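Below, in structure tokens: the form predicted alone, a single chain.
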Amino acid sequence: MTLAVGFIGLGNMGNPMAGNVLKQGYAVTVFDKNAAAMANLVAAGAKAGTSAAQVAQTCDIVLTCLPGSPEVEALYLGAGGLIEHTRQGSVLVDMSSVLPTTPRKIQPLAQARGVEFLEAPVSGGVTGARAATLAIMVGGEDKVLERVRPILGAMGTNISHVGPIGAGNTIKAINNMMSSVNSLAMMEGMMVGLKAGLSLETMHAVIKDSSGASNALPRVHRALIPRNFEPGFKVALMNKDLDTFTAIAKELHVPISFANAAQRYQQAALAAGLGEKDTSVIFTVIEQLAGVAKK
């Protein structure tokens, strides 16, 4: 019998992720509040769900990918939500980036109804979602992960079981904080170089083989030189993930400073109306602060 897979939430990340599951031959039913977001997947062979509840009622494995905790908790825990409608014996996998408290609320309620639940936030951005090279950070029971590992493998090449429920979103928040800090350090450094008369190309060529190299450096060719700030990973979502990291650190009484500095730039970009742009757009905020004319 063909495994029936549901995918709810078809935004910049969810749409290509669902598409990669579909390419592996699974019978996929998709749903998004924005019906237009389903069109390309239905054209490729997916079935259009009529509601999130209908997807939950008809699928063996249901994956969700939503903006944040409020949306996830409404979908799972609200009246008529997934907990209420998912079939006994099915598995729910939330791939959103949320507060660790959110999956901890969902998991016991799912189990009480005979439904398994995992959190599985991802890293790799839209590029990784399209290429099926996402890193997937799974919190929950290992035996449940093994049930869904082939489906997750359709979306990512690095699937890590990181601990119990809540651990996945904890490490995701840590990862995104570090990514944000690395990227901003790179952009500040590049801005100093530009103002000193160096070119982005020259700095990239030297630093890529030096100790200052990091995963942030490819942004020079991908975003900074062509001034391509289409998402990617949106400023608004990074700001949300930094909120999550800060909340975790506060709860654990860990002093932090770099995350706070990074978030000031995210907040400045939000204030400038850049929340829907890629986080690399913060380079333009630094340009303005540094008094550097756009090239």
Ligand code: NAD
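We number the residues from 1 along the sequence you see. The structure displayed is predicted, hence computed values, not measured ones.
This next part talks about the form predicted together with nicotinamide-adenine-dinucleotide (NAD), which is not shown.
Proximity to nicotinamide-adenine-dinucleotide (NAD) in the model of the complex (heavy atom, within 4.5 Å), stretch among 111 to 119, 156 to 164, 71 to 79, 180 to 188 | So the stretch in question is 71 to 79.
Give a yes or no for Gly232: in the model of the complex, does one of its heavy atoms lie within 4.5 Å of a heavy atom belonging to nicotinamide-adenine-dinucleotide (NAD)?
-> Contact with nicotinamide-adenine-dinucleotide (NAD), yes.
Should Ile282 be counted as a contact of nicotinamide-adenine-dinucleotide (NAD) in the model of the complex, where contact means heavy atoms within 4.5 Å?
-> The answer is no: Ile282 has no heavy atom within 4.5 Å of nicotinamide-adenine-dinucleotide (NAD).
Quick one: is Ala56 in contact with nicotinamide-adenine-dinucleotide (NAD) in the model of the complex, heavy atoms, 4.5 Å cut-off?
-> Ala56: no, not in contact with nicotinamide-adenine-dinucleotide (NAD) in the model of the complex.
Within a 4.5 Å heavy atom cut-off, is Phe31 in contact with nicotinamide-adenine-dinucleotide (NAD) in the model of the complex?
-> Phe31 belongs to the contact set for nicotinamide-adenine-dinucleotide (NAD).
Using heavy atoms only and a 4.5 Å cut-off, determine which of Ala259, Leu237, Ile248, Ile61 is in contact with nicotinamide-adenine-dinucleotide (NAD) in the model of the complex.
-> Exactly one residue meets the criterion: Leu237.
Counting only heavy atoms, which residues in 96 to 110 are within 4.5 Å of nicotinamide-adenine-dinucleotide (NAD) in the model of the complex?
-> Sequence-ordered list: Ser96, Ser97.
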